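Shown next as structure tokens: one chain only, the form predicted on its own.
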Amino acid sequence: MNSQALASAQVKANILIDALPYMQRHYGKIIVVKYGGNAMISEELKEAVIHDLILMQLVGMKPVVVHGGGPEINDLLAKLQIKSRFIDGLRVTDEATIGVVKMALMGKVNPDIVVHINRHGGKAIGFSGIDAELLQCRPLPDQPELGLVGEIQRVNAKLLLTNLDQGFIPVVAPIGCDSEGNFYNINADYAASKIAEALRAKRLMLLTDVPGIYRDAAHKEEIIPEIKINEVPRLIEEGVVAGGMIPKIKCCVEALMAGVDGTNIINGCQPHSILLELFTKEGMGTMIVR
């Protein structure tokens, strides 16, 4: 090995040594990752997320993936000439729409993620919330105008824990059902939060299309690296946390209050953002903590 190659190899070795304390900290811990947005559309970003998940598993972590699929749902609705309508960021879901949501998430997005993970050497297994009553739901009690949008009442944690213990990466499509067999569309951030709560996960990570929560959202200046729960109401009142970021940060707060150790809102458009958050001192995005 020549001196240049040796120097390059030494840099790689030093990176691994720097990451070692973080690997030890997360070893054997459950990490729930909500995967969606542009990270699902770009092939480059998709490959980066898949590699992150596999590496997490190989170094002893137990990743669980909860995915969205908004673009696929929108495309299929458009082809079928069914109009989309949203209230407070949630898709109004009637009988026709829930059928399309099921086709997009359970028939395309979920198996695509599972195949990608398996093709790259991981061990993934796909679920929807209807499998073994993984996500038992009821309609949102205070927003009947949303139709078949579900509130999770119970998570079958045993199903996921059994598969984690057998070395699988569970990949969950956020479709639930009630005791009468009605299907419900579930917001993926919310589903990931409830699953993290049920599993007592070490970490909940929400991949988004922005770098985190800006201190000045209007000018997109300065990412806030850490927010404490008791700061959240003030930040919402001041408009620092606004729009679609409000339900995301509320999901993080609920998970923390239920026992999850830490939560992150990070940029899924940055390749390997999961690894950068987990394995570096600087981290990525915004962490919400108790």
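Note that residue numbering begins at 1 and tracks the sequence as displayed. Values in this document were obtained by computation on a predicted structure and should not be read as measured data.
Beyond the structure shown, there is the form predicted in complex with a further copy of the same chain, which is absent from this document and is the topic of what follows.
Partner proximity in the predicted bound form, defined as non-hydrogen atoms within 4.5 angstroms of a further copy of the same chain, places exactly one of 86-94, 137-145, 106-114, 185-193 at the interface: 106-114. Remark: residue 236 does not count among the residues lining a further copy of the same chain in the predicted bound form, judged by a heavy atom distance of 4.5 Å or less. Residue 168 belongs to the set of residues with a heavy atom inside 4.5 Å of a further copy of the same chain in the predicted bound form. The closest heavy atom approach of residue 55 to a further copy of the same chain in the predicted bound form falls within 4.5 Å. Taking the partner from the other structure, a further copy of the same chain in the predicted bound form has a heavy atom within 4.5 Å of a heavy atom of residue 177. Scanning 154, 220, 200, 119 against a further copy of the same chain in the predicted bound form with a 4.5 Å heavy atom cut-off leaves one residue, 119. Along 121-141, a non-hydrogen atom within 4.5 Å of a further copy of the same chain in the predicted bound form is carried by 121, 122, 124, 125, 126, 127, 130, 131, 132, 133, in order along the sequence.
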